[in-house]
Structures are given as structure tokens and as C-alpha cells.
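Okay, here we've got a single chain as C-alpha cells, the form predicted on its own, with questions on binding and movement later.
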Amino acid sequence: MEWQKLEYIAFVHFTVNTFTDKEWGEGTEDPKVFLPTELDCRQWARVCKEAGMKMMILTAKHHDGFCLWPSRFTEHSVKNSLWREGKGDVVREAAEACREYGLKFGFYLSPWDRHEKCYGDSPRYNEYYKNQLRELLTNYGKIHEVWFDAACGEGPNGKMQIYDMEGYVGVMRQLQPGAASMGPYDGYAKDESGYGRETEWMAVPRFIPADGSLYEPRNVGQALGYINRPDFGSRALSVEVVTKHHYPWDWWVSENIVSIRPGWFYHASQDNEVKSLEKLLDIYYCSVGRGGPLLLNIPPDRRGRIHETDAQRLREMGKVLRATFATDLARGAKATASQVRHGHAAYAAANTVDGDHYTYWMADDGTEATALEYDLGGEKTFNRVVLQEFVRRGQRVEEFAVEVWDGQEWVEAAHGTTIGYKRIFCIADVKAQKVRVRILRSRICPTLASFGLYFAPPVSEILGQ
């Protein structure tokens, strides 16, 4: 839950690829090619902070096997580069910069290693990988997320590796028990578009292959096919797989990943292809606004700095988001509900507009359709609607509508399916004093932790253009 509340996170792809102009390294690169001339992790952190991000995840090792820290277990690292005369440590500088700017810190450690000769000798490589995990989890302070993926290819010996993912996560749980793990069967990155589903379920059956080998590459592929289904998490599919295949239930979060540029690493040829502010805002509303955190990649350039164009775009995005969500027009509104659990004040509708996400409204058992009404105390203009279920009790709502009173009748302003951790609607400007949320379908008695209304001024006005 604490991880999901971060909402907006930076991915930082940086390695030898930055200097060879590649997306995937071969593992044969000379460490001396890694030579940032002005590396400044404090600039990275400052840009992230200005953008409104809450955490930075650094690619400590990508598929090329080059380590951004002086690992004791390989020579393919910064200790054999010319940068800082071989005495530098990018991971340490990034972690310290994050602490200075109040950001949480995590790292990506690629399971696939195209350099390490023991890759493909599964027992040996698994121990090698765990040793590197231990270095990163013990030498850099508090780690908040470890990012894995399912990348798996042939090693230098032509063999495929079988990952001991349970063992990897076990090391993490032992050394950094408060860290979230993102990878196969923990959470998942649905694709690389940054967009979440219109209907996004996070209380879902966990895929378990018949042979039980969760992390075997072909089973990862099967699982991705399962979780990428458009009806993933639906009531019908859930009933089918739980009764037929006996999958257990779990809480899976879809992390929405995308790069600010076409590539994941910096390429000078893409300096004019940085995503527009409008595109980034659309991605934000269709990721964070659909309940899943947004992991936005911002690759440093060959200097070791976030390029000026990227940095400016991110500052603009942060400024627009801060201006949009500065004032909750529904805070303290008079709130009533057609049904309150046991009629008890602990579950009253007023809990949805008190600014406390740990208080909530809840209906009685057996209630699947009900409504909440808000009197704003006077007409107010808004164009953003934010709802949050109290997901500590699970995800329940299957369909809902937001309506405004126009003086004569209720008029629908927004209609949706899932709410989950958070749902944001961008609507046309509306002026109203009374607003109603109708829960049309819920799997079990619904909850609502937060209801908010906001007004987003024109972007040109916010940026002074």
C-alpha cells in the first residue's frame, strides 16, 4: 500500500549503452567507454522532485552486465572505467542525491547478463546474482523497490538461464523487508505504453502454471498472455480460473511504464522526440488516474545529466499537476449516503471528504448499489473528479457514475467501471453546488475513502504562456 501511494516514479536508464548509442548492449563493451563528463545525480533528483515524482529507480545493471557500482564479483563495472579514475560509484551518488531531495530510492538489476560467463550455468549464475543483490541491498541505505523483469536470453556459453526468482526475492525480504519487488508474479508491467486499462482490477487470481515452475521463461510468457487479457480480473474470468484451475487470489498492481523518449537510453538523435506535455499529462491521467503507478523513464545523456529538453518538460508537468490538485473543492462538503454500514458514524459519508485516507464510508453487507450526495455549500466550477476506494478492504466497485444537479435534474458528468486505489476523470468545466456518486454495481458492499473535485486552469495560463 505504501508503494502504491507513491503513484509517480522515475526510471533512470544509464549504462555503457548511453555511450555506444545502443538500446541493448552486447556485454563485450570496454568499461572505458563509460565516461560521463559532468555526472550530477543531484540534478537528476532535483528534476524528479520538480516533476512531482516520489522515487527514483536506477538501472544498476542492464542486460550488458555492466555494473554502475564497483561490484566485488565482476570486473565489468565502473571500477575499470576512466570515470572518477575508477573510484566512482553511480549507485551511491544516486542514493545520496535521493535522500537529499526527499525521494525514495530503488534499483533495477537485470537478471539477464550478456557479459557474465557463468550465465546459463543456472546454479552458479543464481549465486552470482544473489551476491550482487546483497551488495546493493546492504551498502546503500534504505531501498524501497527492487525491479526485476523476465528478460532471458542466451549467455556467452550459448545456454539459457533458469532464474531462482524465489531465491532472489528471499534475499531481498531478508535484507530489505520493507522494499517492494516488481517483476514476474509480484507486480507486473503490462506493456511499455504507460497506459492503464479503462477497467483495471488489482484483486485478481494469481497465475500458477501446471508444473509449478513460476519463473521458467515459457511460463512467464503464458502469464503475460493471461494478465494482458482485456477481461483480466473480471468477475467471469476470476470465477472460471479459481474454480477450474484453483488459482489463489492476490493483490497485483499494474505498474505503467514508459519512456519520455522513443528509446530507454539517451540518444542525441532523439532530442527532438521528447514527448509533449499534452502526451505526458494524458499518460498520467490514464495510469495514475486508473489506479496504477506511473514509472516514467528519464535517461541521462553522455554528460551524466538529464537533458535540458527533458528537464524542462518534466518541470512543466510538475507545475501543471501542482496547480491542478492544489485545492480540493469538495473538502468539508456536507456529505450524505443513502446507506451507511450499521448506521455508524465510523462509516459515515463525511469520511470521504475529511482529507484522511484512513477513514472511509462503507455500506451494509448485501448492498451492491447505493449513492452518496455532496453539497458544496455554493456553486463551484470543477473539471477533475477523483475517487478512491478504501482498498485495505479490497477492490469492490464494478460500475459507478458521477452526476451533478443542474437545478432541475441530475446530469451525468462521468461514468466508469473500476475505482480501486484511485480514479481520476477529466471532464468539461462544470459549475454546480450538488454532486452525486452512484455506485451501480459492486462485488460486495462498497467503500469509498476519498471524493475530490478540482479545477485545472488552462495549461497556457499555468505556464504563463
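Treat the numbers as computed from the prediction; the structure is a model and nothing was measured. Note that residue numbering follows the sequence shown and begins at 1.
In what follows, reference is made to the form predicted together with beta-L-fucopyranose (FUL), a form of this protein that is not presented.
Of the candidates K49, R436, H63, R423, H63 is the one whose heavy atoms come within 4.5 Å of beta-L-fucopyranose (FUL) in the model of the complex; the others do not. With the partner omitted from this view, the residue of Y284, Y140, W264, Y374 that lies near beta-L-fucopyranose (FUL) in the model of the complex is W264 [heavy atom within 4.5 Å].
Of the heavy atoms in Y108, some are within 4.5 Å of beta-L-fucopyranose (FUL) in the model of the complex.
Shown alone here, Y129 lies farther than 4.5 Å from beta-L-fucopyranose (FUL) in the model of the complex, counting heavy atoms only. Taking the partner from the other structure, beta-L-fucopyranose (FUL) in the model of the complex has no heavy atom within 4.5 Å of any heavy atom of E100. F11 belongs to the set of residues with a heavy atom inside 4.5 Å of beta-L-fucopyranose (FUL) in the model of the complex. Considering beta-L-fucopyranose (FUL) in the model of the complex, the lone stretch of 388-396, 342-350, 256-264, 230-238 in range is 256-264 [heavy atom distance within 4.5 Å]. Contacts of stretch 143-169 with beta-L-fucopyranose (FUL) in the model of the complex, defined by any heavy atom lying within 4.5 Å, are made by W147, D149, A151, listed in sequence order.
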